[in-house]
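The data below hold one chain only, encoded as structure tokens and taken in the form predicted on its own.
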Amino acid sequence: MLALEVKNITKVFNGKNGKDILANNDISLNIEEGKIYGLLGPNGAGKSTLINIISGIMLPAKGEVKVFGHDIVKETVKAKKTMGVVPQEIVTELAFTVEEILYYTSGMYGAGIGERKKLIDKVLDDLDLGDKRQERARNLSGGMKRRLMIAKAIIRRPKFLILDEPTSGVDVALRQKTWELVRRMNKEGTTILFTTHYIEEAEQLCEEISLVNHGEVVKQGRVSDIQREFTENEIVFELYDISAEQLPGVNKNGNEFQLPVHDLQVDMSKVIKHYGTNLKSVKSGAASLENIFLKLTAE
């Protein structure tokens, strides 16, 4: 069964001087139940606008969204009952304690009084928030507020979880903790839509992705298939001194240099002989998702 169906979504905002801004342009994607799906793109690509439409915060100008078969516009309540959403912005009830916020949130989604403490204990343990139970939200650090946002979204173990840039601006420890939680919840049956501009996250977590740029899907499918499509017979290397004279045919892509291969052994010898101790790293093989990202989003 499809957890999410997005069909031909278009969203237009009124810009300055009466000029319309096309945030999403005819976007379609499907997510099968049980998947971790990545929505990638640079800042301003239209990812958060699409998330707001999927979660029912915004109405599209055109198109439709179904969550487990429920239309987000026509069957909003049924669709939202299946979802947990962690927005990009940190929004929480600053005057209340962590426990009070989670008590209210779990009750709002139908948990009985006797059930709430068990749910709260579990989610506080999952996110290492136990020692912040009685802390007021306004006194939490930015990273702890982010954990609280995730806790609110997952306390009722939704069938479909949306994480909109959940690790943006957080430390390495929280990023790793979030990855562990995503994998564990997915194993327990939760379908997850993960938006990020950190390529490493997509490579670590996602089997399938859609890459968005300027409000349009520029590539989507299984990560392995996309990498295979973009893999070229080439040598990829990094240099300590990037101003060094380059071999004929070398192209620069981000922090790396690429040389098309005609004969791997001969061409590798040329690279090693030409650059010598200036070589920081050298490899040949499948195209990295980072390089694919750069190629598809390059201005």
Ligand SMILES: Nc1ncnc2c1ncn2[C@@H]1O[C@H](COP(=O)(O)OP(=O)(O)OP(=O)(O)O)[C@@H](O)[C@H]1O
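When you see a residue number, it is the position in the sequence shown, counting from 1. Everything numeric here is computed off the predicted structure, so don't read it as measured data.
Only in words, not in the display: the form predicted together with this ligand, which the text now covers.
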Of the residues G69, G44, G34, P260, which one places a heavy atom within 4.5 Å of this ligand in the model of the complex? G44
Indicate whether the candidate residues I21, Q88 and E165 are all in contact with this ligand in the model of the complex, with contact defined as any heavy atom within 4.5 Å. yes
Just checking whether K80 would be counted as a contact of this ligand in the model of the complex - the rule being heavy atoms within 4.5 angstroms. no
Is there any non-hydrogen atom of R175 lying within 4.5 Å of this ligand in the model of the complex? no
Test of understanding: in the model of the complex, would T49 fall inside 4.5 Å of this ligand by heavy atoms? yes
With the cut-off set at 4.5 Å between non-hydrogen atoms, does K159 touch this ligand in the model of the complex? no
If we take heavy atoms and a 4.5 Å cut-off, which stretch out of 59-67, 36-44, 234-242, 251-259 is in contact with this ligand in the model of the complex? 36-44
Which residues from 113-152 come close to this ligand in the model of the complex, meaning a heavy atom within 4.5 Å? none
